[in-house]
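Here we start with a single chain on its own, the form predicted alone, put down as C-alpha cells.
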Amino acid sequence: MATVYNLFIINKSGGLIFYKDYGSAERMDTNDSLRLASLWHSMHAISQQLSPTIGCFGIELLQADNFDLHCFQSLTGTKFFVVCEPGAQHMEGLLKVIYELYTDFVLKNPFYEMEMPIRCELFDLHLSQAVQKERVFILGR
C-alpha cells in the first residue's frame, strides 16, 4: 500500500502551484485541491499568530484517524505538504528531498516564473523517483 497519498506545493501567497496524487482512495478534482491548499495556507498562518511560543513556524504535523499531513515551509514561504498514511515515518526527510528537487529543477529552470504553477518534466521525473524510493524504504524492500 502506498505511503504518500498526495503532494501539494503552495506559494507564499497561498496559491496552489503543484499537486500530485499518488493513489489516494478518492481523487480530488481541481477545485477541491485548490480549496484544500488555500485552507491549509490559512490554518498555517493562523497557527503562527496564535502560538504562545516565539518564533513558531506554524503547523508541521496534523494527525487524523485516517491520514497524517506533514508540512515543510521554506525560508521563502513556499509550503510543501504531503498527505500520507497515519504513523508514516521519515516524511520530514522526504519533504526536504522534495524541496531540494524543487530548488534544483524548478527554481534553476530559466523558463519558470516565480509563484506560477510548476510544469517541469525533470522535476516530475525525479519527484516520482523520490516518492518511489520512500515507498520501497517504508516497505523494507
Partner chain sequence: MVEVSLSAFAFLFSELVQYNQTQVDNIAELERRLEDAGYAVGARVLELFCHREKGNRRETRLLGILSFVHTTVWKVLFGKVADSLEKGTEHEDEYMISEKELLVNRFISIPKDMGTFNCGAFVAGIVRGVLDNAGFPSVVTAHFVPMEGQQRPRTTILIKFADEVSHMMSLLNIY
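Numbering follows the first chain given and starts at 1. What you see is a predicted model; the values in this text were computed from it and never measured.
One more form of this protein exists, namely the form predicted in complex with the partner chain; it is left out here, but the text below deals with it.
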Legend entry - Option from 55-63, 98-106, 27-35, 81-89 whose residues, in the model of the complex, bring a heavy atom within 4.5 Å of the partner chain: 98-106
Legend entry - Any non-hydrogen atom of Ala130 within 4.5 angstroms of the partner chain in the model of the complex: no
Legend entry - Close approach of Cys120 to the partner chain in the model of the complex, 4.5 Å, heavy atom: yes
